[in-house]
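Have a look below at one chain only, the form predicted alone, in C-alpha cells format.
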C-alpha cells in the first residue's frame, strides 16, 4: 500500500510541476471569504434580518470589513487572471453603489410580495424566499462583473446556484421589480437582457442555442431579450441571442421558443 501511495504521489507531483493550471504556487481567491462577504452584504442590504446591525456605527464597521476583504479577493482574482486593475478603486465604486442596489432589491421584494398571494408579508419574502436570495446574490455579483472583476462574480452566483437551484449568470442584465416564483431549476444566461416588472416561474431556461462554436462565441449576444411586463410560466425554454419577447407577453408553461414574439398591446 505504501509503495502504491508513494508512486501515485510521485505522479501527481510530476503533473503539478508540468501543468501550470494546477500549480500550487498560484494565488487564488478564497471561496470561504467570498461567501462570508455575501453573508455580510445580506446583513447590510437587509439590516435586522441577517446579522445585528443596530446603528450607524455597526453598519459602518461591517461595510468597512466587507471593503477590506473584498479588496484582497479582487487583487487575488486579478493576479490569477493576469490583469492589472486597481482593487481599491473597484471596491470604492462597488460600495458607493450599494444604496442603489438596496433600493432595487427592495423593489424585488415588493414584486415578490405583490406577485405571490401565499406571501404573508414582505418580510417573509426577504427572510424565506430562495428566489429573492438568488436575485440578491446576482445583483451584487452583477455590480462586480460590470466593474470588470474576474472570477468573483461567478463564484458568488454559483454559490447561490448551489443553495437555491437558480443559476443566474452575473453578466445578465435584469431590470427592476423582478420576481422568480418557486425558484428552482431556473437558468438565465450571460447575455440575457430582461426588462422591468418580469415574473418567471420554476424550471424556466433563458439560454443560448447550441454553442458548437465554443470560444468563438465569446462576447456575442447568445441569449434572449425579454421585454417589460413579461410573465414566463413553469418549464418554458427561450433560446437564442436574436430572440426577443416583446412587452407584456405571457409565455405558457413548457413552451419551447427560438423565434421572437411581438409585444402585446394592453
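Small disclaimer: the values here were computed from a predicted structure and weren't measured. Superpose the two forms; the largest set of C-alphas matching within 1.5 Å is the rigid core. Numbering follows the first chain given and starts at 1.
The form predicted together with a further copy of the same chain exists for this protein as well; it is not shown, and the discussion that follows is about that form.
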**Asked** Honest question, do 72, 138 and 146 all end up within 4.5 Å of a further copy of the same chain in the model of the complex by heavy atom distance?
**Response** no
**Asked** Would residue 76 sit within 4.5 Å of a further copy of the same chain in the model of the complex, counting heavy atoms only?
**Response** no
**Request:** Answer with yes or no whether residue 229 is in contact with a further copy of the same chain in the model of the complex, where contact means some heavy atom within 4.5 Å.
**Result:** yes
**Message:** Can you tell me if residue 172 lies within 4.5 angstroms of a further copy of the same chain in the model of the complex, counting non-hydrogen atoms only?
**Reply:** no
**Request:** Decide whether residue 37 counts as a contact residue for a further copy of the same chain in the model of the complex under a heavy atom distance cut-off of 4.5 Å.
**Result:** no
**Prompt:** Can you name the residues of 80-103 that have a non-hydrogen atom within 4.5 angstroms of a further copy of the same chain in the model of the complex?
**Reply:** 80, 81, 88, 91, 92, 95, 96, 98, 99, 102, 103
**Prompt:** Once the two forms are fit on the core, has residue 254 moved its CA by at least 2 Å between the shown form and the other one?
**Reply:** no
